[in-house]
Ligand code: UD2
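Here you get one chain, nothing else, as structure tokens; it is the form predicted on its own.
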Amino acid sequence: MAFDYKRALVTGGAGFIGSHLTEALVAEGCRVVVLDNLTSGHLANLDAVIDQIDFIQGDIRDPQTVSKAIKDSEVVFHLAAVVSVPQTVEQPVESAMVNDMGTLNIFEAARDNRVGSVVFASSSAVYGDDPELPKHEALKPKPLSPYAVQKITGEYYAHMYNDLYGVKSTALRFFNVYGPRQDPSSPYSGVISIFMQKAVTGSQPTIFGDGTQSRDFIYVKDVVRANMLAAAAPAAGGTSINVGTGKSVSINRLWEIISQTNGSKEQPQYAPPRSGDIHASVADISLAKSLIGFSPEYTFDKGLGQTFKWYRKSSTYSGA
């Protein structure tokens, strides 16, 4: 991959996706500043590169902190956010201060510092429960939660800063990202991380709804590559692009696969659907292919294998 930027800011860089992205940027010879308030991120996620980056513990809601972090950056990857849909449902104003105003602070600082490219982490949640499948970027957004509203607002800011101020900005609509370092301790974590932890520890999983709901699961290293491709692609400016695999798996089937892989005999318990959840989601990735040259490199089996390897090791270290 041709990646010519030498200085980058990664907001939320101590988090699940952000830490993988930070490692990839360092491997490309890029000097990285990570801005993270460690609300959900962990410094341990950056152990492999901590001596090669500049880490700032701070909040994107503070314009002065953002201005300090972004200084001299050529590219910004904005991943910092309140990412729990239920949390935004319970705390719509507080989450908007992070996801709306914090994002606006990032774009304004990028404009002030003449940053060459900004990649904004959006979400497939913006499509809501539109029955049309696969989800393509021409669909009208139908947000069902404050989180989804906040993400589509961030996309509008990205498009506006691209068109009005000349800050090349791209919004990537992540589908269901999974992989090593995804924290299973929260009930709002990705379902794969939770299921793997349950399987490794021999615990019973909880499925919200009837389990027939389906998701497009994409491995974290593919998401990292999509971010870097989008930053480097001139044609990506002012666009929103799906980042998924084009394939989906039901939640019931997901537990079957994971439990069989680890030999777990546990049967799931079922609970009422969570507020703001959608039933079916799968990405049309044709725009990603044409605009930024992205196609996933990890099959679901390969990605699950890599993830399971990490969770087994992690549970051994934690004494689980």
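Because the structure is a prediction, the values reported are computed rather than measured. Numbering starts at 1 and runs along the sequence shown.
The same protein also has a form predicted together with the ligand, omitted here; what follows describes it.
Open item on the list: Considering non-hydrogen atoms and a 4.5 Å limit, which listed residue (V223, A109, L172, A125) is close to the ligand in the predicted complex?
Closed with: For this set of options, the contacting one is A125.
Which residue, N162, T153, S240, N176, has a heavy atom that falls within 4.5 Å of the ligand in the predicted complex?
So the residue touching the ligand in the predicted complex, by this definition, is N176.
message: Is it the case that Q213, even though its partner is missing from this view, gets within 4.5 Å of the ligand in the predicted complex, heavy atoms only?
response: Contact check for Q213: yes, within 4.5 Å of the ligand in the predicted complex.
| said: Residue-level question: is Y219 within 4.5 Å of the ligand in the predicted complex, judged on heavy atoms? | reply: Result no; Y219 lies far from the ligand in the predicted complex.
With heavy atoms only and a cut-off of 4.5 Å, decide whether V85 touches the ligand in the predicted complex. Result yes; V85 sits at the interface with the ligand in the predicted complex.
Check your understanding: Is A199 one of the residues lying within 4.5 Å of the ligand in the predicted complex, judged by heavy atom distances?
Key -> Although the ligand is absent here, A199 would stay clear of it in the predicted complex, with no heavy atoms inside 4.5 Å.
inquiry  = At 4.5 Å by heavy atoms, is each residue in Y147, V191 and R274 next to the ligand in the predicted complex?
reply    = Checked in the predicted complex: all three residues contact the ligand.
Out of 201-209, 97-105, 72-80, 153-161, where are the residues with a heavy atom within 4.5 Å of the ligand in the predicted complex? Among the listed stretches, the partner-contacting one is 201-209.
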